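Take a look at this single chain, the form predicted on its own, given in structure tokens.
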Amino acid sequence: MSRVLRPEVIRWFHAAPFATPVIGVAGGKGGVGKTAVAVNLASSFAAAGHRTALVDCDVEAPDALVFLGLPPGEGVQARVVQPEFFLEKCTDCQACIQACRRHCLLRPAERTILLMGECSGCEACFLVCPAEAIHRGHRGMGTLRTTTAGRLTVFSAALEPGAEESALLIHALMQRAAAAAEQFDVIVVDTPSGLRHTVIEALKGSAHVLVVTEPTPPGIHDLDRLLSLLDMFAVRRSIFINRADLPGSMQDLREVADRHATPVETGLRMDDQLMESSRRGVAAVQLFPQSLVARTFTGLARNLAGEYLP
């Protein structure tokens, strides 16, 4: 049984900064085709006449623009706070070192503080310094981009190589999308893979989560864990089964879905046209508009629009 979170945590998760319905697309870490589903769902909304935003929150490996064959838009640097030390004010109390949860600060000599690790920008050191010897500096953590093609706008971000602030960059990306939310009828969010804290950051405020899985043992295992997470936050959701004809057990998958009271929205078998569309960098619903894969995604978009769009 999933543990129950405190009501204030659940309220925080559902406190959406968006003026538009948000559909999150999530999946396990085994390459279940999550981004292909998000791209084709967003393209289907746009093809149906809805002003659509696609937010690519997989900031460590953003590839939604590649799936769509679109060029990256002009980049804007996202910055994270980093401490700057004014040692002439330092009293050598070392409160900042004790407060640093990532152990990034080192005192090699009296009244000397060095930043030795990857600062997360939590600002704890600023808050505890009694002498105001620490000022707020900044450093880049990634690049935010916006690309528009017809009724579809893609918000994406790329983490700086070696940086560790994925969650902070996702937060900045979601804030950027939220600031423009009134321009859109629906927002589709492609989350990072797996079950890390970055997934929670990307799904925060979603009206509905589409969980992408496959009927393999790793896929079913990740599905169970992801649905347990969504149980805790009381999120509305449904399941999209990708590559439904892979060796595995549909019965085990449906047992997991039933245990979490989650409906199976739709599914696809192994589809050559979906793979071909990914190879060409064009959404399948655009490249093969009369195909089964296109009809699957247009039907899914129509069902979700009927439930969440005015």
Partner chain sequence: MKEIVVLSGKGGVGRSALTVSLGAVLAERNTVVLADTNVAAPNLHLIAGAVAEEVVEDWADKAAVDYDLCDHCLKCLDVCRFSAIIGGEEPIILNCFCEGCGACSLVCPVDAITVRPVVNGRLNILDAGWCRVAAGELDIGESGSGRLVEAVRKRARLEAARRGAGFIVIDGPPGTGSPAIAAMKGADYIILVTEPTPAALHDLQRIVDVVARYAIPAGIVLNRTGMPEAGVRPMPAYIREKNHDLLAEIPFDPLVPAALAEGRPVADAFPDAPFSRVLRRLARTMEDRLL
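What you see is a predicted model; the values in this text were computed from it and never measured. Residue numbers count along the first chain shown, from 1.
Keep in mind that the form predicted in complex with the partner chain is not shown, yet the notes after this line are about it.
- At a distance of at most 4.5 angstroms from the partner chain in the predicted complex, all three residues Asp63, Glu123 and Leu159 contribute at least one non-hydrogen atom.
- The shortest heavy atom separation between Pro263 and the partner chain in the predicted complex exceeds 4.5 Å.
- At least one heavy atom of Asp222 is located within 4.5 Å of the partner chain in the predicted complex.
- Although the partner is absent from this view, Ala180 stays clear of the partner chain in the predicted complex, with no non-hydrogen atom inside 4.5 angstroms.
- Within this chain, Glu118 lines the site of the partner chain in the predicted complex, having a heavy atom no more than 4.5 Å away.
- Here the chain stands alone, but in the predicted complex its contact with the partner chain, taken as any heavy atom within 4.5 Å, falls in 193-201 among 147-155, 180-188, 193-201, 108-116.
- Contact with the partner chain in the predicted complex, defined as a heavy atom within 4.5 Å, holds for exactly one of Ile97, Ala131, Cys93, Met232, namely Met232.
- Residue in contact with the partner chain in the predicted complex (any heavy atom within 4.5 Å), chosen from Leu70, Leu246, Met250, Ala48: Leu246.
- For the partner-free chain shown, Ala99, Arg101, Arg102 of 88-116 come within 4.5 angstroms of the partner chain in the predicted complex, judged by any non-hydrogen atom.
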